[in-house]
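Just the one chain here, laid out as structure tokens, in the form predicted on its own.
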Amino acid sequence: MEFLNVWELWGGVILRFWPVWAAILLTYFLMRKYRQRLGIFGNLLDSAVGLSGLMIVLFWLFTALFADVVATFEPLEQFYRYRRKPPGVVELESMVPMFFGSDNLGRDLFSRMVHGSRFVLLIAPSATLVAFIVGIMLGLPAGYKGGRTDSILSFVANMILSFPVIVLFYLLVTPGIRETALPNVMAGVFFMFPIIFALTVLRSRFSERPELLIPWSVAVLILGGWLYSGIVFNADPLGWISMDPNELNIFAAVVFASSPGVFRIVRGLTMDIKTRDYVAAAQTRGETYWYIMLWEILPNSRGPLIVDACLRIGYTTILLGTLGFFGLGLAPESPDWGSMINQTRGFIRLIPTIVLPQTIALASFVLGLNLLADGLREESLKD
């Protein structure tokens, strides 16, 4: 068998990521050009910690986008002659190197690591976004109105938070639950919140301008209904939008477990901000509850929420890796990082490097999110 030397190996790896480097460089120059318009994100250019975290996050984001270009093999392609090979082995038929070696089924670890980023970048940010919308929709009225609304919602949130997170996830994604209608019901409820949120924002802003309110509301209902039917029921008439049942189940579990934490943060921020003078001025003008909550309170709490979103995506990434490690993620052949760690850990004594690519990928992405959150926290305190 033929192997690459160290310089050929790492030089080849760096060259494979050429579209990622190009996209990062373009993003950096655009950030510098439109710095003033980017607000808190533009200020990251002055923060070494925040900028480092942003670059790491962008690296994995663009890796997921250009996975088909970066990867050298298909993630499920097996080469039985090359099972459990060390880094740098060259597949002789195609003369393409396996930069990080192969797993116990002869699949290229480099390509599986690259394609595994797609699962993380699909589930973690999107599930966190939906969890934030759910938390905002429930946390704003709980903190602003108080009373019975606050008591009921806070009791439900505290009850969910009282469960250990990993046990809660285990209960929600076990095969027995997957076979029931519960995941679809949960996803159906959670995906209603973005549509309701968008309609509420439009109504609070354009309640006295029906010429804008009606067409925008119709557009939201059409677009939202299309996404809703494709994601929740896998019934997109165009066949563009679909979500695997396992992905939908994990998505619903992430939103269910994350929403109460977001609710408590939004509730606490709302209780503090509602005492400010500009909120009192809006009340004096006769603005509606939802206008005050969405256009006076929510924008002024964006700093802590953006920081928490970065941290929460990191927590979600770790949870997804944990679920995959325990065999509760996607199908066993799927290249998500947690499943890859689980599938290769038994061969560490034979090939010590066999678990490193997916482990370093998972750790680096979470590290980037934590550094980005630290940078955003510093800049938000300066606002």
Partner chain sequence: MTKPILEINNLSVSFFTRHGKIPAVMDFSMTVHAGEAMGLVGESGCGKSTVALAVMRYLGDNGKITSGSIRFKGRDVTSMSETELRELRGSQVSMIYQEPMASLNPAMRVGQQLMEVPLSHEIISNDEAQQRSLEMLESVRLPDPERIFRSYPHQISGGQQQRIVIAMALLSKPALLLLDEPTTALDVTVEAGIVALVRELGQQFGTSMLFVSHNLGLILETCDRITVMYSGEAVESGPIREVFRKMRHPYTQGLLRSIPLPGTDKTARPLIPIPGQLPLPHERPQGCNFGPRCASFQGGICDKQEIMMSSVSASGHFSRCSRVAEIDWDAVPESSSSVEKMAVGDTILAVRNLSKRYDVAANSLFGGKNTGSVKANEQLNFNAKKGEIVAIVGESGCGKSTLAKILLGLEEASEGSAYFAETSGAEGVNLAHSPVESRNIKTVGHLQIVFQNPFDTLNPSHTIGNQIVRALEKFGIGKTPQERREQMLELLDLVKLPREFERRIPRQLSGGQKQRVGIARAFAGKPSLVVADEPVSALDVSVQAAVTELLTDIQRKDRTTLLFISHDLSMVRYLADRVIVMYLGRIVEQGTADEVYSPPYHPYTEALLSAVPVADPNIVKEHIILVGDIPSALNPPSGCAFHTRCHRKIEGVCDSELPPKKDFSTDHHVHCHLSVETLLTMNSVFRIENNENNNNKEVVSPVQ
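Residue numbers count along the first chain shown, from 1. Quick caveat: nothing in here was measured; it's all calculated off a predicted structure.
Beyond what is shown, the protein has a form predicted in complex with the partner chain; the following relates to that form.
Trainee: State yes or no: in the predicted complex, is some non-hydrogen atom of Ala280 no more than 4.5 angstroms from a non-hydrogen atom of the partner chain?
Mentor: Taking the distances in the predicted complex, the answer for Ala280 is yes, it comes within 4.5 Å of the partner chain.
Trainee: Should Ser94 be classed as touching the partner chain in the predicted complex when contacts are defined as heavy atoms within 4.5 Å?
Mentor: Taking the distances in the predicted complex, the answer for Ser94 is no, it never comes within 4.5 Å of the partner chain.
Trainee: Is Glu247 a contact residue for the partner chain in the predicted complex, using a 4.5 Å heavy atom cut-off?
Mentor: No.
Trainee: Could you tell me if Glu77 has a non-hydrogen atom within 4.5 Å of the partner chain in the predicted complex?
Mentor: So Glu77 does not count as contacting the partner chain.
Trainee: Sort through 225-233, 123-131, 101-109, 200-208 and report the only stretch with a non-hydrogen atom within 4.5 Å of the partner chain in the predicted complex.
Mentor: Going through the listed ranges, the match is 200-208.
Trainee: Between Arg83, Arg302, Arg118, Lys145, only one gets a heavy atom within 4.5 angstroms of the partner chain in the predicted complex; which residue is that?
Mentor: Selected residue: Arg302.
Trainee: Kindly confirm or deny that Phe3, Gly11 and Arg16 each have some heavy atom within 4.5 angstroms of the partner chain in the predicted complex.
Mentor: No, the candidate spot makes no contact with the partner chain.
Trainee: Does any residue in 22-49 get within 4.5 Å of the partner chain in the predicted complex, counting heavy atoms only, and if so which ones?
Mentor: The stretch 22-49, when checked against the partner chain in the predicted complex, contributes only Asp46 at the 4.5 Å heavy-atom cut-off.
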